[in-house]
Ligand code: HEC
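Take a look at this one chain, the form predicted on its own, written out in structure tokens.
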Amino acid sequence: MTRVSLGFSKLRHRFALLPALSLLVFPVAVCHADALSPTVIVADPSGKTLYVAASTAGSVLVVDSATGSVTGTIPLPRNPSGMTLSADGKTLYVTGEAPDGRLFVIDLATKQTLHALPAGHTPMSPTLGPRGETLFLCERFADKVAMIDLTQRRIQAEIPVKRQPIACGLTPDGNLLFVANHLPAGAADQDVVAAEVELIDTAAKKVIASIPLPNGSSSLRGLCLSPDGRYVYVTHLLSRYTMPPTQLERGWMNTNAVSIIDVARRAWLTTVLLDDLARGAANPWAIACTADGNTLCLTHAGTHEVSIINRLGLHMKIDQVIRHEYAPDPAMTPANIPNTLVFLGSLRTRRALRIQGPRGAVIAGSILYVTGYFSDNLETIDLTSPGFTGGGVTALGAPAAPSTVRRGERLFNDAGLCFQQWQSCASCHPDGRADGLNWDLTNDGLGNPKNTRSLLLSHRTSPVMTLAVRETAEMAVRSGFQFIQFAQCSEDDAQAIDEYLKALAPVESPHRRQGRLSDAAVRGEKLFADADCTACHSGQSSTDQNSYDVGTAAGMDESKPMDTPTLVELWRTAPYLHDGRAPTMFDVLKTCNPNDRHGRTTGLTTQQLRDLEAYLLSQ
């Protein structure tokens, strides 16, 4: 069911307008009362104590690195999404994930929270400046990077970035901040669709460069800098969305990668594939570098592995390519490397883990520590041991049988269910939502690619797929495994995935103000009704679940009726229309409805269109 899972997959975007909904405050993720879900992990300067974010248990675990035993718990009023330590190891900074996010400043001597500072919508990846007076963090769903003055305990600046900033890293001098945007921004029907890494001048407090990754780059997750500050490394998927997804082998659908950015040039250097010829390395997540700069370590959340890479050897090989001295192919260039599945070769060791869903990683001395999101445990790897075999696994909590929803979430993220492990359902539906790409699935013919659609509410808004080719979401899940994963899924597993998707809850829009509509959105709410948008988009799920030809179809799909999509969480599902041609909701209202076939909007002024957009994006 991976990508736009054949049934889910593209539960696509057509668009019309949106109903008045009574959606107020929602969790950011599925709640699991029976799980810790360890993610981010940091180590104190001595390496003797680890701090682990229990991301669904609202706490930080204090762990003795020598024994792996939990020696304490720091409760928090919000689920932790990111952490960093002060240079002296005395203060822990933790971001709390919520629409009204917080930065918790914790005194580690007393394990008490000193301050809880406002930190925007879904803050993550806190990063301290070199003097410890300034902290940067990503406001993921506000599309901003916050600069917090820790002395005055306030947000000093909020810097707009492209789309869903999810990780950031600072050069050693503190002058430049690199920001990884989770998803591509802009229309999806262009020749190049890719997420970008943006560069912020911390003194000027503004973006000074946008660095595009190769075409198809999406689902960015982890970012780190080399200790000397010369290179930035970013983990992500490299999707081959321009090809029909009729075969999986040799990376014809999704490949998994790490991109390298040259800091001095402020430019992309190359992208290296992490897969093997006949075995994918799905869903790369966290990435870390040893203090001596010799080794890169990254986690594969979909295949339950780590990659341990000879960083210096990798750069020597890249330099050979640049000098046209790469023996296998002197004509190769850095632009060719992203299409070479064997480039890493002997420079990388793929180490299978005993934990499930590795998402967090930290290196302390010669020891790599990895968190198991789905198994609630911690695995250690001795980077000096032959074959990196040294280490062990310790539990972070009492073992508990997972709920059906929890098991479904694990299966949704597990590439072990896919032929050759190239991808998981989450590869095209990160967090159960969408990757921002157009895929030409075979469920409705070839030559008519459509934009990936969020799976939120998919089980409540049948039929599914843009052309309603799947009668129910349940059918879509099972078809997705057959035609996208090229594997069989047991009925028991499919039902668990159904339950996970049913449990997905909308996240409060960043366009609301303390849960309320803005003045512009209030005006837009009336316009929404006046424009007759509620004729198709009504009720709690904002859809009448019927299909219509509203004049937005193009190419092979022209004049075909399309399923009315829910508009819940519309702010999160750009680009819009079935083929993603409209990068913003304003584009939908202004240029993509010339005959008023999906809402009477042509007579509205620019200000009225902005008000209507404000209302729609508040849902």
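Please read these numbers as outputs of a predicted model, since none were measured by experiment. Residues carry their position along the shown sequence, with the first being 1.
There is another form of this protein, the form predicted together with heme C, and it is not shown here; the text below is about that form.
Figure note: of the listed segments 479-487, 256-264, 105-113, 362-370, the one touching heme C in the predicted bound form, with heavy atoms no more than 4.5 Å away, is 479-487. This chain lacks the partner; the member of L269, I309, A531, L170 within 4.5 angstroms of heme C in the predicted bound form by a non-hydrogen atom is A531. S424 is the sole member of S424, N181, S81, S375 with a non-hydrogen atom lying within 4.5 angstroms of heme C in the predicted bound form.
Interface residue remark: A535 is counted as part of the site for heme C in the predicted bound form, having a heavy atom within 4.5 Å. At the 4.5 Å threshold, heavy atoms of Y93 stay clear of heme C in the predicted bound form, well away from it. Residue contact with heme C in the predicted bound form: T299 places no heavy atom within 4.5 Å of it. In the predicted bound form, heme C lies within 4.5 Å of some heavy atom of V550. With contact defined as any non-hydrogen atom lying within 4.5 angstroms of heme C in the predicted bound form, the stretch 129-168 contains no contacting residue.
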